[in-house]
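In what follows, one protein chain appears twice in different forms, each by itself as structure tokens: structure 1 and structure 2.
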Structure 1
């Protein structure tokens, strides 16, 4: 009885030890989602991030989208819809669930193995039972868990950057859609003016008051205006559909309206002399590269720890016979490094680590350059838009007012007045494009403080995934 109690006590102690090593890690994808929300909130401006974990869209989401689309779609409303409804983002969010599952899996104890055999010798029947546990995986469990935690954190940063990039792309698409809508309205005014000029030239030429050259010139203006109108309409359709795709809309939802005009360019540009230092502290790609280097360092340490003992198993045996006493014992299985001393595996791990250090330096250098370039593009875009606003547009307006006075005094004719109207509308249209370019530059500057503007820039210096330390 005492032996039985002692065995049970030892078994209980062993179970407690194993559970302690395994930890209490459980699936927590919502915790990863909250981390992504926290990292991306400054740029997106959204208090919550919706993750569609069910196949059907919840009624509260459908109602919110319908509510936002009922009015002319504001900029931040478009961002809110995109973050709730973009299928690509929803698919990207499931990377959080995958990474979290891998994290938990890396924290699990290796399953023990059980074997049983029956052997006979004459009238003797012998039963062999064995229980085996991979001690090598058990010893490496803390390091393996650290590697999986690092991979999970890296996925969170990558998903956060995807969220911020979607918000930025949505803002840019909204600016361009509104600008294209305004440009189409201005092109219609130009077309009407050109049509009036061509019709009047035709009538005056019919009664001999206009030369063939003058008539052809007005007809050429009209033909070019008609072509520009077609191009403006196509641009309006293309920019609208681009916004529709980012919002994840279809059917009647695509018939939403936009505000009539872009926001005004601010009176003064942002003065950020220390933006480079701020960006280096908040760039997620730089943090991910540093984390990748740390993860490979851990992987290298794990490889060194299991260099000569790649297979280590503990087994407990229990053999019983109908003629002999029960045999109990244990066995340890060790892989003998006779042919493979893991030198090649270690050299590969060291090369991956050094490679990652160089890529981390590349990411940091590229990040600094991208921030400087984006800020310069932002300042240039503001200078151009402000020059149109403060100089060119007022001058064109003054010229039009003077021409109207000359026309009222009968010093110029109607054709000169129509030509001036076309030129004024063209100037306003160029100012509109400058406004759009400024807001696009503003959006890209906001994003570049957290990561590269385009995914290709991020992939050019992507981190190398950590290879398993225990493989051949």
Structure 2
């Protein structure tokens, strides 16, 4: 009895220890959020992440958004609002809670089993009580916890990336919206020049100085300019709406204004010869892939460790009978690994591990390539914008000045002057597109240091026609 008592006591204390171990892994979603905040802040420059835990927005958030929208919406204000207000992001943040819960779940012991039996033999009544604990799970617990922790970290990374992607998308949408708004203003000017030309031609025809053909020609410039103006307006509306969606705004809130101009393209481009190395350290997808591989390695180790143990079950028996003294003992059930030596499971794990290793390599290679491509796109965008700024626009301006002088000397007429004005305006507009492309490329370059980017939009947006209706 002494012996079994001791054994039982030992068993009990182990249980208490296990329970204590399991107990220290409490739910801590807030710390997950802080992790995400920290990871994403480098790109977003914001600390405005919060849980929308209640149905309604807290008044602080509502007021802050209203305050930001009252002014012409600055770039970083847009990012701040998106991080506070984008419902998609809020939904995504709950993944943190889910993962945290799973982590806690994984670190708990499997519930022990309890069996009780009552048997009678004549007048003899025999009670049989048993406490069973799956030993495999117990032994595997530290490993399982590590895996769960890793999973949680991975979700945090993914959420961080979502946050950064939202910030980047918001910036891009902001640049596009400001550019489209500016473009619309330019197209209005072109329209005005064409209108003046058409009106002048009309009056010239009225006093007999112009033929129907000459008049029609000037009016056709106006008609074409009107078409471009419609397209510019459509682009302005579309880009504004895209920004509205990212900011999660509706109703009155959508009436915000934007600054009049895009920020100037920096005088010199960023020179980053070691951007690839930097990115390798900061890319979250690379980190995640590496950790995934580590986790599978742990899993593999776990599999090896529990290869036999997981068929081991420890039980404590306490049989009492009204006839006999209490019979105590323990029993161990061993499943004979006769048919399943866990070979298949092991092979599967091994394959999964190897697969993950290859995937990690792929992620790393893609990441390097994306970083190079984004940097190249950034450099090209800077070169193009700077070329517009330093060469094309000043030349165009010079041409207009010289044309003005030619007009003064009656070498050219007012229609050539107006055609030239149209030309100059569309050149400045193309510069604006180049500027906008640069900022998009800059935003994508910022993001590519943390996660995958498809450098896409930068090139597609600058498809403004070279110049409306040739001129004279």
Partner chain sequence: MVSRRDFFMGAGAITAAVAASSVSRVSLAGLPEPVIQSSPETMAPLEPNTGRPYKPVVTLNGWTLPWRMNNGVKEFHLVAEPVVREMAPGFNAHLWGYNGQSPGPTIEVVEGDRVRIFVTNKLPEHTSIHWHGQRLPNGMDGVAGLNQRAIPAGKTYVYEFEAKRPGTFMYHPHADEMVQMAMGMMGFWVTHPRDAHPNIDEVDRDYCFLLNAYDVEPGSYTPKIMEMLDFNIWTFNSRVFPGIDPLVARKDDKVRIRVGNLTMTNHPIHLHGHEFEVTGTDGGPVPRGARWPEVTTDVAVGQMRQIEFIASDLGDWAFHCHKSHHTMNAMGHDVPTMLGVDHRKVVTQINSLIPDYMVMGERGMADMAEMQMPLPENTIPMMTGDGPFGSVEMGGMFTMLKVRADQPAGDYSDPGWYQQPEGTQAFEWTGPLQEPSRFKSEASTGKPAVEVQVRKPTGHSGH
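What you are looking at is a predicted structure, and each value in this text was computed from that prediction instead of being measured. Numbering follows the first chain given and starts at 1. In this text, the rigid core denotes the largest set of C-alpha atoms whose superposition between the two forms falls within 1.5 Å.
Of the two forms shown, structure 1 is the one predicted on its own, while structure 2 is not. The rigid-core alignment places the CA of residue 210 2 Å or more apart between structures 1 and 2. Residue 368 is not among the residues whose C-alpha shifts by 2 Å or more between structures 1 and 2 once the rigid core is aligned; its shift stays under 2 Å. Once you line up the core between structures 1 and 2, the Cα of residue 387 stays within less than 2 Å of where it was.
At residue 130, the distance the Cα travels between structures 1 and 2 is 4.3 Å after the core is superposed.
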